[in-house]
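First comes one chain, alone, set out as structure tokens in the form predicted alone.
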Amino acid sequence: MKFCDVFIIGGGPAGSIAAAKLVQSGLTVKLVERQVFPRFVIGESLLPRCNQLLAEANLLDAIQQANFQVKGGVAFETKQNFEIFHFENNLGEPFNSSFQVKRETFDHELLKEAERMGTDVEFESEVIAYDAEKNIVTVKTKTGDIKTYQAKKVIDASGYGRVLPRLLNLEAKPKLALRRATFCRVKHDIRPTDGTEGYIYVDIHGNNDAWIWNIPFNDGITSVGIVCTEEYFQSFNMTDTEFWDYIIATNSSAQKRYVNATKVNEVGSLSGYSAAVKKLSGNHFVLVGNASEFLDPVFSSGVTLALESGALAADLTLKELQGNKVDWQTEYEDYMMRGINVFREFVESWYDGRLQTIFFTEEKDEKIKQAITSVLSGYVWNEKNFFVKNPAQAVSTLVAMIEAR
């Protein structure tokens, strides 16, 4: 049996930021990662809130030195409509830009920095059992050895592996409809020349049947993904590659952008990615990042929520281990759910068309646009923003006002 203050499952952004904050506070941290880094993963577009969280964890310098593509905003377009949100036009948030990142590089840089700070990192090791009462984690290494660790706190940052939700029967039915992402990277795309070449462009396809992400990297490669319901994909009776090719060829914006483009890897897909849990914490553990809730890629909330939850879990764990009382329900779960629910309302109203009504109306009040921009920047806990105070009511009221004109 080995002992540590905190045991972290998973080396993605949530695990790395938690580890970095905890070791800088003097705690001993063991982190195990099932895979070998660098490894491919989607979710490549960050939000300005990410930069603030990285800065507070002393990780931003390392990311800036990696020379990622700066992201200054997001554009939405259909055949008839176009709207662009510049991150600098927000409600006075601390950061107004972020990065487009290849996650294999971004995640590895974060984990290397956490390791440099003092985290004990072990790759190709998998958690196979967890005793929640004694807080003992059982790990199988790449050589088949079995190790046990007893920690004062366990942080599950296992992402799609969802280790503790599986082992402790915490899985819950997602509130969002299940959708499919079909994606590929290309080179030689035609990018905007108006200063927005680093922005993410979101193209709506057909009658809101699907949408396309266009995420440019600074090496000339662009990530291109198509998101739709599983039923819409199946209606074509095509392979992933055939479907990706068809949508790109028949979407007017994508067709122009990728007329000279060539694929640099095979088309991949991920289906049924939305996830939920019954609770986010227990007596000795806490769930962070995609191990807890994952919504949808449309507003690039994944890494933001991962960093937010990882950072907060670390802060509260430190507070608890220093002998202070922590109300995990109020201070962690309720807080995280406030932000998640803002993003969820934006996602739901995106797919039912209400949010697009707001985005594309020609007569938007400047304060409304700034409030939208702050949400799109990841500042979904700023209660000066009426979308954050009551997201469902704010969306419904604005749509009613627009439709009454």
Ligand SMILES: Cc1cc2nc3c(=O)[nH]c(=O)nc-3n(C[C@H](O)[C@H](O)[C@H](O)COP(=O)(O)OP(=O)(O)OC[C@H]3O[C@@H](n4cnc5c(N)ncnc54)[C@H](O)[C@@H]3O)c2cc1C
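All residue numbers refer to positions in the sequence shown, first residue = 1. In this text the structure is predicted, and so the values were computed from the model without any measurement.
The form predicted together with this ligand is left out here; the points below concern that form.
K.L.:
Just checking whether residue 251 would be counted as a contact of this ligand in the predicted complex - the rule being heavy atoms within 4.5 angstroms.
P.N.:
Residue 251: no contact with this ligand in the predicted complex.
K.L.:
According to a 4.5 angstroms non-hydrogen atom cut-off, is residue 360 in contact with this ligand in the predicted complex?
P.N.:
Contact check for residue 360: no, nothing within 4.5 Å of this ligand in the predicted complex.
K.L.:
I'd like to know if residue 240 sits close to this ligand in the predicted complex, meaning any non-hydrogen atom pair within 4.5 angstroms.
P.N.:
No - in the predicted complex, heavy atoms of residue 240 and this ligand never come within 4.5 Å of each other.
K.L.:
Could you confirm whether residue 184 comes within 4.5 Å of this ligand in the predicted complex, counting heavy atoms only?
P.N.:
No - in the predicted complex, heavy atoms of residue 184 and this ligand never come within 4.5 Å of each other.
K.L.:
Pick from 300 to 308, 72 to 80, 252 to 260, 89 to 97: which stretch has a heavy atom within 4.5 Å of this ligand in the predicted complex?
P.N.:
Careful reading of the contacts points to 300 to 308.
K.L.:
Which residue, 222, 317, 158, 119, has a heavy atom that falls within 4.5 Å of this ligand in the predicted complex?
P.N.:
None of the others qualify; the residue that does is 158.
K.L.:
Which one, 215, 114, 154, 247, lies within 4.5 Å of this ligand in the predicted complex by heavy atoms?
P.N.:
Contact with this ligand in the predicted complex is made by 215 alone.
K.L.:
When you measure heavy atoms, are 32, 41 and 290 every one within 4.5 angstroms of this ligand in the predicted complex?
P.N.:
Per the other structure, all of 32, 41 and 290 touch this ligand.
K.L.:
Quick one: name the residues from 341 to 371 with any non-hydrogen atom within 4.5 angstroms of this ligand in the predicted complex.
P.N.:
The stretch does not touch the partner at all.
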